[in-house]
Every structure is written in structure tokens, then in C-alpha cells.
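Have a look below at one chain only, the form predicted alone, in C-alpha cells format.
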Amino acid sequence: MSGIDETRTVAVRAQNVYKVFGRKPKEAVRRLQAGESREQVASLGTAAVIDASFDVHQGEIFVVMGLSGSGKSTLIRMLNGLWDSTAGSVSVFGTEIVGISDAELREVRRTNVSMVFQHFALLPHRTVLDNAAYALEIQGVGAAERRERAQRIVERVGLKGWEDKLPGELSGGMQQRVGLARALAADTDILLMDEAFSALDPLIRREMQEQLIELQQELGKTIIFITHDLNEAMFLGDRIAVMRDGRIVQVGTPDDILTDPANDYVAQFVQDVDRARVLTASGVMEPVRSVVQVSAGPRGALRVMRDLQTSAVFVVGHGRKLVGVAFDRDVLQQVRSGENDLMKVVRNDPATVTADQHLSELFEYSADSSLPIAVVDDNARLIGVVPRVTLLAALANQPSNTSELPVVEPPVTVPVDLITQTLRDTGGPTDDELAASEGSK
């Protein structure tokens, strides 16, 4: 999963949203805004959501995570107008939904927002296909068209062959697929999912999570997902909002939440997360130090390896595209023999990964190679490296920038003095001459 492009359309915007249940909700909000705590206004009402602000961008999966009583389910019910906020603004694609008429709210729900519930909410006497088509029936779509559209979605969620079954004949996981199919068949831009998978067995739950990501990538829906399960949040979310006692205490990517928790509460919350399945190469990679352009030739490569005291160097071509890797012994031999074509000793099989690959996928590469793992973009350009020590430190939530843990790998195999002497003996410029030349530019 990647960072969100802030220039994308805002699908849902919440600004300074409060929800108080009780005798004097407006007075409670006024006192909360003045700085009083949730406990101090308890005599006036229960503050379920306090000053919540966030944007959800079109096409992202935005997860709201928190323990029971944190306010997350109350929040999602304000996003589709089931409950009005006590104060603040909620808009869907720029349309304010707080205080609008019932007819206007129905139109927003019909065209923009569908909801998938925890307990399926299926119609027990309708078949799978008719349940999936129900939202289209409400929209006034003709019988033939709605059945055709529902059939496509039913197949997409893995229920082909079950179209004529009743909900009572299905497992819990299959019933939840029907609920998801019904929401998708409505073809709204936004899906709200309130603890949608929490009633499922762990294996089925994981299967549904994976299918949801596949469907979102295929259909481009905006999904707001409520959960109390941290691992689920980390797996699904492009961004995550962490709630506690009615307040949003942090919004960020899974990497942000894990590596830079906003406070001790968030830090304690994430301490048992399987970091290898959440953190990505882009989140832990380091700048490439041991790198040369292929045009630098053997002498340039040897000089870099000597200065960094490493036995290998990444070699890049035009546009910083990764060509391969060269080793000190091979390059030293080239320099001694007067060979000028570095490509003759470049090995084109370094371990490479993309920026969005999870750390769990990097272990095999790290075990099989003495080199740091090269991180490349979609155009094969070298954008960073993940040394073994950095990989291990990230999993242990420890910094890798310590003198005891050097991040240049692998260690030099040819003595530095021998490299320096070879450079001098083969008639190249001395270090002092190179420094003087650089200083005159």
C-alpha cells in the first residue's frame, strides 16, 4: 500500500464533528470546545465523538480503528446521515449532509454511499441474487437489468452457482459476501463498512480482507472501514485514523502509525503488530551510498569502494537505471590491466524489490545475498537499499544508525592500502589532484 495523493478529489470530509447523546448536547459541546474533558461534561450527556476532522480521498481505503467505546461506529453513522452530528460539518463530494432534508439525504445514499453491516442484514426470504439486486430495486432499476447487474457482482465476490440459495443455506462468510455484493451492485462511489468481517472465522476473515482489496483495486471504490482489530486495519488501510475516548488521536499510513506513533497510547496499541507484514521497503530503505555511473569506469568504481570500505558497488546507467553490481576483486583486476569498460565485470543479478513490497517478502533475498537489497521503481531506477541490519532493526523497532551497526555491506575484501597503491601505480590522478580539480569547478 502507498501514500495518498493529496491532490485527489475529497470524497468525504469531516470538520470539527461532535456527537453527544443526552440531556444537553449543545451545552456539552460548548464546554468541550472550551477545553473541558469528556468526564467533566458527563452530567450533560455522553460525548461519543469529539472534534473529529479528516478527509477521505477518492479511491482510498480509510480505516477508523479503536477499542469498544472509542466512538468509531458513531462516527461512521454520521458519515451517511443515520445520525446528525451535534456540531460540525460532514460533506460527501462537497454536499453537506448535516441538516439536509430526508429527500436530499435519500438521494445522497442512492447515488453516493452504500453500507455493509457487521451482521449482514440480509432479507431471509430472498435468494442470493435478489438480495444482491435489492438496492437496484430501490433505485427503480428494471427487473431484467438489475438481475443482470447483480449476477455480475455475485460472480465477482465468488458466489457463482449460489444465486438461487437463501441466506439460511449459506455460511457466515458467504452471507457477508452477499452483503458486500448488495453494496457493490448499488454502484455508489463510497462503501461504509462497520466491523464488516468481525463475526467471521479468522481464515474466512483474511480471505474477505484480501478480496476486498482486490475489488477496490479493480473497481476504484472509496471505502471507509471500521474495525477494532489492529492487524486488520494495518492490512487494509491506505490510511488509518486511531480513535480513543471519542477523539481521533492520529491519522496516518500504516508505516506512519508503526514507526512514528503520536503518543504512548498509539505506541502501546501497535507494539504487538506483525511489523513484517505491514512495513514496506519504501518505509525502511536508506539512500544508496555505494553506487557509480557505468560511465565512471573501473577506476571510479574502485575509488568508491575504497572510500566506503565495501567490496561491491551498484552500477547504474542513464536515468539511474540499475545495471548490476561490480565487486572489488574484479574491478581491481581491470584497473591493473588497463581495462576501461566497467560493464565487462558487472553482474546483473542483484536482489531487487519494489518500494511497496512488505518486509516479510525481503527475508529470502536478504538471506541469499551478501549485498543490501536494491529497491527499484517501476522504471527499474535505483531509489534505495535495504541492508540486512536495517531490515532486522526495523522488525525490532530499533534505529539502525548506530556505530555498532554499519549499514554499508558487504565488508571490503581487498585491503584499502592495496586499492590506493593500485590507483597510484596505474597512473591515475591522486586524491589531492582530484580534490583540487573538484574545487576549481
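None of these values were measured; they are calculated from a predicted model. All residue numbers refer to positions in the sequence shown, first residue = 1.
Although not depicted, the form predicted together with a small molecule is the subject of the following passage.
Not displayed here, the small molecule is approached by G69 to within 4.5 Å at the level of heavy atoms in the predicted bound form.
Contact check for I61: every heavy atom lies farther than 4.5 Å from the small molecule in the predicted bound form.
Contact annotation: A48 falls within 4.5 Å of the small molecule in the predicted bound form, judged by heavy atom distances.
With a 4.5 Å cutoff on heavy atoms, H228 counts as touching the small molecule in the predicted bound form.
Between the options E207, E195, D255, E361, the residue in contact with the small molecule in the predicted bound form by a heavy atom within 4.5 angstroms is E195. Checked against the small molecule in the predicted bound form, the candidates Q175, T310, T74, Q334 yield a single residue with a heavy atom inside 4.5 Å, and that residue is T74. Only one segment in the set 384-392, 61-69, 371-379, 23-31 has any non-hydrogen atom within 4.5 angstroms of the small molecule in the predicted bound form, and it is 61-69.
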